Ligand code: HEC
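Next comes just one chain, in structure tokens: the form predicted alone.
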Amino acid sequence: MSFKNKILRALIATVAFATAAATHAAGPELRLDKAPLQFDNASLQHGAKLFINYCLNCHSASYLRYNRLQEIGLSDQQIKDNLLFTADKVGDLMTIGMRPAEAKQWFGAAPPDLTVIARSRASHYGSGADWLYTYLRQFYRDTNRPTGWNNVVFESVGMPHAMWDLQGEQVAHFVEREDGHGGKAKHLERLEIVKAGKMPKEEYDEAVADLVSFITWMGEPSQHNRKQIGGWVLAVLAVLGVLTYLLKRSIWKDLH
């Protein structure tokens, strides 16, 4: 199977997961927080560390090789010493050892590959990065769920809160309101930290922003350079357009 076909299959699988997730998401009043993305090397390196320590245990990123992390300022030796836990070589893909059948048995569904998850989760509510940023900050304790966790953005989620030790434990306070159709609907009033984690709220939000920045970068590592090059190309075309107009005026002036 060609690399392009593998990418296409990853996109199809991730979009399918996103469509299924949307059926469990909160209602039409869902509002996503804007993700404060940062694509500098320090933020991406911190995000890579969080991703490999907290996400790569269950989720793969099997269309990205470890050596692509050189593009965010890491050397091969730094990758080997600090990030190479599930592979033998920096040229290996970022895969996991958990089998899909086992994952489905444990979580109800196999955790999706995250290489292109930020691109697939875009919706009319906001970008995929906004969805991830909000999702990772809105887990709360729910004793009715098999994992003991639920999520405001993705109701009845099968995934436990992987970073609870950093954020702490939240509880959700809901109220019932009229749904406009003669019935009642449950609405989130607030989330409350009842057991502190290793990070205060502001620090945890910054860590999640770095993680989401890395996941967004991972879906298209060249996007930042592409946008920078695109800006320069447009500027050059604008200058050429002005010069072409002046040349045209000069030529037609002599003809008249």
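Note that residue numbering begins at 1 and tracks the sequence as displayed. Since the structure is predicted, the reported quantities are computational estimates derived from the model, not experimental observations.
Here the subject shifts to the form predicted in complex with the ligand, a form of this protein not shown in this document.
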The ligand in the predicted bound form: contacting segment from 182-190, 89-97, 70-78, 113-121, heavy atom within 4.5 Å: 113-121
The ligand contact at residue 215 in the predicted bound form, heavy atom, 4.5 Å: yes
Exercise: residue 57 in contact with the ligand in the predicted bound form, heavy atom 4.5 Å: yes
The ligand contact at residue 159 in the predicted bound form, heavy atom, 4.5 Å: yes
4.5 Å heavy atom contact, residue 109 and the ligand in the predicted bound form: yes
Answer option from 32, 37, 211, 64, heavy atom within 4.5 Å of the ligand in the predicted bound form: 211
Proximity to the ligand in the predicted bound form, single hit among 129, 163, 83, 153 (heavy atom within 4.5 Å): 163
